[in-house]
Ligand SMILES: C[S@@+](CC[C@H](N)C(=O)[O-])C[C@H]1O[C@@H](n2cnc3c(N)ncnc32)[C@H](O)[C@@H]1O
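First, one chain by itself: the form predicted on its own, in C-alpha cells.
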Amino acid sequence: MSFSAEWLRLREPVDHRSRDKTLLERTAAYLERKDEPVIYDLGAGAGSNLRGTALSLNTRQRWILADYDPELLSASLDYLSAWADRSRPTATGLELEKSGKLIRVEVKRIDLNANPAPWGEAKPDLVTSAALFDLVSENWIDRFCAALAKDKLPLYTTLVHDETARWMPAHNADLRMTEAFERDFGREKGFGPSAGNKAIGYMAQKLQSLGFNTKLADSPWQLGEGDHALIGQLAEGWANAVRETKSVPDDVVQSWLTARKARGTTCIVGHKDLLALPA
C-alpha cells in the first residue's frame, strides 16, 4: 500500500508535533554512545520520519530509507535536499548537513511483505518506522518481531493508529461511518489482513514475550482549524474507504463528508509510539 506525496506532505507537521517527546529522548540516549549509528527506516515514504527524528540524535548518522514505492523514494531525496542546510548527491542517496548534524542517506526499494527484515547480515543500530504497523497483519508482526529478536535489534516506531478518529461536532452518521471504516481498515493492505487498531498493542506484547523491554506512549493527532486541509483529506479517505464496503448509502456518505469538510470541524486520531529495547 502506498500514499500520495501530497498526503504525506500535509500530515508531516502534525506527525512531528504529535510524537511523544519522552520516547524520542530515550531513543536518543540509547544511541548516544554510537559514533555514527545506522538507522533502518521501514516504509520510509518521503523521508518524514528522518526529518522528525534526526535532529534529536547523534552529530553523525547514517539512514537507510526502505520503501516499495520508487516515486516516494525519489521524492524523499528532493524533500531532504530542500530541508537540509546543505546537501550533495552520493552514489546511493545523499549526504546532508542540518543544524550541525551530518546525515548520510541511502534509499532502497524493498518489498517488506516478502522480507520484513531487509537489513540481512548488515545489522543496523536501530530499526524505526512511522505510521506503518497498523497496516500489516498479525502474521507479519510475528515474523518481524522474530527477526528483531534473532538479531537483538531495538525498535522505535511512532504514530501507529490505535483508536478510531473522533469527529466534532457530532453528525448523525458518525456511528455508521465509524463501523464501516473499521471493517475496511481490517482488510488487505498489502501485508495480509490488517491488524489495524490492535497492531501496536499486539506488537508490544509480542516483543515483551521475546524478552524486550517495551514502553508505549500516546501520540494523538489533535486537529483543529489550522489543520483544515488535512482534515478534508482525512475525511475524503474515510468516505472512500466506507464506499468500498458498500454498507452505507452513498447519499449518507456524501452528507457526512460535506459536514466534515466544512470549517469548524475538529478531529482527534489516536496513535501510539513504541520503544522496544533488547534486554
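The model shown is predicted, which means the values in this text are computed figures rather than measured ones. Start at 1 and count along the sequence shown; that's the residue number.
Keep in mind that the form predicted together with the named molecule is missing from the display, and what follows is about it.
K.L.:
Choose one stretch from 91-99, 199-207, 167-175, 131-139: the one whose residues place a heavy atom within 4.5 angstroms of the named molecule in the model of the complex.
P.N.:
Only one stretch qualifies here: 131-139.
K.L.:
Considering non-hydrogen atoms and a 4.5 Å limit, which listed residue (61, 219, 27, 48) is close to the named molecule in the model of the complex?
P.N.:
In short, 48.
K.L.:
Between 79, 144, 191, 156, only one gets a heavy atom within 4.5 angstroms of the named molecule in the model of the complex; which residue is that?
P.N.:
In short, 191.
K.L.:
Flag residue 87 as yes or no: does it have a non-hydrogen atom within 4.5 angstroms of any non-hydrogen atom of the named molecule in the model of the complex?
P.N.:
The answer is no: residue 87 has no heavy atom within 4.5 Å of the named molecule.
K.L.:
Verify the contact flag for residue 110: yes if a non-hydrogen atom of it lies within 4.5 Å of a non-hydrogen atom of the named molecule in the model of the complex, no if not.
P.N.:
It does: once the named molecule is placed as it appears in the model of the complex, residue 110 has a heavy atom within 4.5 Å of it.
K.L.:
Within 4.5 Å, heavy atoms only: does residue 72 come near the named molecule in the model of the complex?
P.N.:
Result yes; residue 72 sits at the interface with the named molecule in the model of the complex.
K.L.:
Hey, in the model of the complex, is residue 11 touching the named molecule, heavy atoms inside 4.5 Å?
P.N.:
Result yes; residue 11 sits at the interface with the named molecule in the model of the complex.
K.L.:
Which residues within 42-67 place at least one heavy atom within 4.5 Å of the named molecule in the model of the complex?
P.N.:
Contacts from 42-67: 43, 44, 45, 48, 67.
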